[in-house]
Ligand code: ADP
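First, one chain by itself: the form predicted alone, in structure tokens.
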């Protein structure tokens, strides 16, 4: 049974402004849904409706089988307190309260406080040493982590995040996204508004809004496999250049994906992470070898046979490498005469066809 079911949802504001029109979709328990679209497309309105901060003009929202439109004001308040955790772009911390007190404040509205639990929540986001600091004494990344701990303190069924990394620099963005990955792996249901396609690809599905209408839903299974191969390539090339494959040396997409793609790769036995270094397992080494072989053979094919320029050959090879089978790879290798290097002089790992040819 879906945790959230939305049917024919519309929101009309005074003056004829239609923020949402006939939107319908569902969210499964434990799913991570990214909500994307241009400014004014209805993303924040949708989040406000899901979280009970606003009411729909028409249509309905079923949360765990309960229709939100039928709740009384008091029941709405209880729903927001017990079922939903909010994380916003603006942290909304009370400036004269410590980090611990800001987290406890969420419990206060729940008519209960448990300081030990609040401490554990802050320790869970890496702030056990900053419990008694005021917001002004915390970095922007630390303030957002306090907001995440506050959102989690009442153990909500749903976490709503509206541009949670919008005010963060790249380093803090990576830390916060790792926390969201951790929450996802623990089974939390996440609905996250973001304008960043890199962050959007980390979700299970992406919902695209245009002018208040649902423009499409993308499922990211194939894209995730591409991210795995992309990261394997990066680690291979760092090692090939006699550089240690540290997470900090990976590109931005890899840094953001430490908590997601690397974790999934470790679960699949492809890599292990030791002291911030990414190391191949034997299975990961073999897959990385195959990926590099496919990519560099494709690059050689498009450069030498089809006379594409460097940039176009690289881009086309990057897309091509994900769709060719081992049999086709060997055929390309034989067609090209078993080349030893790519157009840039980097070695092409040999295949079984090369040894038979020798």
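Positions refer to the first chain, counted from 1. For clarity, every value in this text was computed on a predicted model and none was experimentally measured.
Here the subject shifts to the form predicted together with the named molecule, a form of this protein not shown in this document.
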- 4.5 Å heavy atom contact, residue 29 to the named molecule in the predicted bound form: no
- Indicate whether the named molecule has at least one heavy atom within 4.5 Å of a heavy atom of residue 335 in the predicted bound form. no
- Query: Do residue 44 and the named molecule come within 4.5 Å of each other in the predicted bound form, heavy atoms counted?
  - Reply: yes
- Message: in the predicted bound form, is there a heavy atom of the named molecule that lies within 4.5 Å of any heavy atom of residue 59, even though the partner is absent here?
- Response: no
- Note: the named molecule not shown here; in the predicted bound form, the stretch from 285 to 293, 35 to 43, 300 to 308, 327 to 335 having heavy atoms within 4.5 Å of it is 35 to 43
- Note that the named molecule is not shown here; using its position in the predicted bound form, name the residues of 1 to 24 with a heavy atom within 4.5 Å of it, in sequence order. 13, 14, 17, 19
